[in-house]
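Okay, so here's just one chain, in structure tokens, the form predicted on its own.
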């Protein structure tokens, strides 16, 4: 939510976080140099905390990038596996190397491919799903996630405020209109929903924490 949140507040929140280890520092440096989107530090910390609280045994991540969020979740798990899907081969290969460096390879099942094709084919049930892929497709992924997310499971969705555009509908280019309005509709559907309970946290570019009911 970079256009809405005060920058000083963001810096203060980041000052409260533990320092990244060498692997994560190198990943962030690479991401900045090569314009690869990765989770903001405060969001990565939240992901780790949610994983420690929920202790999922099966996690699905839609959008690996170079694996920053994957590593944060894997390190917080006591058992189980993260299945993570990435479309771009170069990012997928680099993520595999970072998983090796971070010592989480045995806990991660990394798949190269199009999540729009692969996710509907999944038969595994998941305790937690993290969505950080094409923002205009979140609604499409939700319809699939409903089938494979266990009752009582967590769905965590990143970048739901889209630089603040969802808040004030003041997007800079007309071609972004569809994405912004789709995201707004995605969030508004949880206002009166008997299956999911949602809270949007204004960390990073906005994180939706959504819990599926147990009944």
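Numbering follows the first chain given and starts at 1. Since we're looking at a predicted model, the values are computed, not measured.
Beyond what is shown, the protein has a form predicted in complex with a small molecule; the following relates to that form.
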In contact with the small molecule in the model of the complex (heavy atoms, 4.5 Å), from 165 to 173, 182 to 190, 34 to 42, 148 to 156, is stretch 34 to 42
Examine residue 115 and determine whether its closest non-hydrogen atom to the small molecule in the model of the complex is within 4.5 angstroms. yes
Within a 4.5 Å heavy atom cut-off, is residue 91 in contact with the small molecule in the model of the complex? yes
Taking the small molecule as it sits in the model of the complex, is residue 60 in contact with it (heavy atom to heavy atom, 4.5 Å or less)? no
According to a 4.5 angstroms non-hydrogen atom cut-off, is residue 69 in contact with the small molecule in the model of the complex? yes
